[in-house]
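Next comes just one chain, in structure tokens: the form predicted on its own.
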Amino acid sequence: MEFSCSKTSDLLFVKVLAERIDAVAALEFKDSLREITGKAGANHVILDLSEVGFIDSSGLGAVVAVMKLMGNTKRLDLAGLTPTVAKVFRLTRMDSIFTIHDTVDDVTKLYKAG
């Protein structure tokens, strides 16, 4: 699984460059994000899912696991959920657990304004 990363002084943007986060990819996804977030040392990570068209329960579990791995002192937000992925987050009520931004640009504007 591939990722594209960029960092500002306060935020680490991680874009998932895959169509699916499912049972086949979930472990690799979790391990890769643990490594990426650990090396970057960022306290606030924005996970860009704009290229992910499908996520199953294993993928959802992997996203939650990444959030837990980051601990209480770090924050994981999501951005760019496709309609199908957004529906999974709504149906499982995970949209109440994560801060979800419509786009990465929205995050950038929010933090420039704030």
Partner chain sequence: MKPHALQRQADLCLKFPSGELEVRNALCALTTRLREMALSADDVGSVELVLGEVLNNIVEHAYGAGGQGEIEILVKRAAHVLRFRVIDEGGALPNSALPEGRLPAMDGPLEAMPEGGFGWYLVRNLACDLDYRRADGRNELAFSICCEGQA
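Positions refer to the first chain, counted from 1. Just so it is clear, the model here is predicted, and its values are computed rather than measured.
What comes next is about the form predicted in complex with its partner chain, which is not displayed.
- This chain is drawn without its partner chain; in the model of the complex, the residue among Leu81, Ile46, Met67, Ala42 with a heavy atom within 4.5 Å of it is Met67.
- This chain appears without its partner; in the model of the complex, the one residue of Met94, Ile100, Val104, Leu11 with a heavy atom within 4.5 Å of its partner chain is Met94.
- Although the partner is absent here, Ala23 is a contact residue: one of its heavy atoms lies within 4.5 angstroms of its partner chain in the model of the complex.
- In the model of the complex, at least one heavy atom of Gly71 sits within 4.5 Å of a heavy atom of its partner chain.
- Using a 4.5 angstroms threshold between heavy atoms, Asp56 counts as touching its partner chain in the model of the complex.
- Among heavy atoms of Leu60, some come within 4.5 Å of its partner chain in the model of the complex.
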